[in-house]
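Coming up is one lone chain in structure tokens, specifically the form predicted on its own.
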């Protein structure tokens, strides 16, 4: 298997779980594989297909996915083809003849094909050695992408009963996993669940203010790199694409309302690196196998965590550092709720609301983004800090005197009766004369217009800081109204100084993870020459550039400067077939560049070790201060009061400390008693990591902080 792996795919070793899954399939046993996007699912059936007799039948939901995978397999010297509606009857007949004659090792088919006239007879003429169901979550009504045609797959399984079945998906909650196994009759199959942790991805959530300017700045940081910008509606997709073009950024729009030819052209241009930026609805991407997407941006709130995880999973599939940014506004939730309320089925509406709650919790949470995602998918032993998302890498902000503006905000919340959200309060402060403000006579209040000169995004940031530092609280019920806390009332009454973090710059913050293109300090001039050569060869062969060689391989070529075939063959992704097809062409460019710039070949190890490591680094000064107080057996409240921080911020510090080797003894803050036991039992019984789900389970009896603290010790 390792020989086949190196010969056809150019890899020296397996990724986690791949070997176990392949061995299991080769033993003729069924397998269910839950592995994140970019984790190497396809190899789990593609490699056995080479060693098994006959053909491996792969059910795949999208034409684009089939075409990309078949192109890549053929480039690796593997006989593969697909059957779907994009082929003419004559072309379909030619593919079927190749399958009958034993000249195909892998045949991709669309799920609709299973029920098509004549398919059963065709199937009876084949020696099917393995049945692979890709994107298996499509079979479940509980999943986020249910497809009725997938319900026919159980009958397909019965028709090729002699062959083992492997069902694969990147996103499936425990409920969806159970449904997949049931629908495919795989009750006794072994389940392989890989970690959902994508260490090379940097997650961040940004407030939705001046989004166009922030988006332009973000894309310019990733200039020359592929990026996907997701929007909620077709209209918004067109608007954002136009705004980017006006800003001098070449971008194209993609949504289901475009003519089929326009969609195919947009997708093709993106895959072939003829346009770097695609602005799309979620209709785009499920079948995209492009490994070098460096940035995925959501300018609108996704409906579900599953959908969000799958969409962000299109970044960095080649393992290189990539960025995932979500612009969030609570108004987006209202937009989603409008459509949820139109759902007739009560259970379906309830499920959609729960999933939206989870998504909102992800955006508003101050804990590690990666930890939250892993917990959602059932990895209850996930580390509570990653040193790679915005919540983990953000340095402790410099505190400045914000007494005057804070007093204005607190007064406005009180004078409007503590019955409104941040948007309304900010409108009053800025002197808006919107119809709602006039109707409520809030334009006559003394606080109306007293912060007219403060930009709206700055006001919003101050409101958020006042919540974080405990001066304001927000109702967690149906309407997110603001209230002034006891701490805020005392500060107003005594005119106490209020220190808040210095306002963030509009320009996106740079992080070591998201800005590092590679672990290797490669020659960028040579890399660009090799990239141009790759594009030229790809265009000649009518395939996407990544099918020739991935960015990772070009990085290694540009670092090690291989001048001989044996040196080139040691690099990542250079198998025997690709070495034979493209080796001399790439070596010629490398040799010429090396001669011109007097570069020498660097000795590459026979098997280059490649790992994605996340450094925890030393504790920040603010964590050290919290740690010191906890070591003195202070309670969480005492630490918060001593430091002038909110209870929630101290909890976040504790979570980060728990993941280090320097955590003090924290037994004195462990929750005890009947309430703690009830909460712990709920986490174990519901098997749902979402705090929102537990919060609602207890009818809002316990606060989010109480639930979070129990969960810390539970893990």
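Heads up, when I say rigid core I mean the largest set of C-alphas that superpose within 1.5 Å between the two forms. Computed from a prediction, not measured in an experiment: that's the story for all the values here. Positions refer to the first chain, counted from 1.
Below: the form predicted in complex with a small molecule, not depicted.
Of the stretches 412 to 420, 589 to 597, 450 to 458, 289 to 297, only 289 to 297 has residues with a heavy atom within 4.5 Å of the small molecule in the predicted complex. Note on contacts: among 317, 424, 534, 206, the single residue with a heavy atom within 4.5 Å of the small molecule in the predicted complex is 317. Contact annotation: of the candidates 56, 37, 649, 60, the single residue with a non-hydrogen atom within 4.5 angstroms of the small molecule in the predicted complex is 37. Within 4.5 Å of any heavy atom of the small molecule in the predicted complex lies no heavy atom of residue 703. Proximity of residue 653 to the small molecule in the predicted complex falls outside the 4.5 Å heavy atom cutoff. The small molecule is not drawn, but in the predicted complex it has a heavy atom within 4.5 Å of residue 43. Under a 4.5 angstroms non-hydrogen atom cutoff, the small molecule in the predicted complex has residue 14 among its neighbouring residues.
After superposing the rigid core, the C-alpha of residue 135 moves by 2 Å or more between this form and the one not shown.
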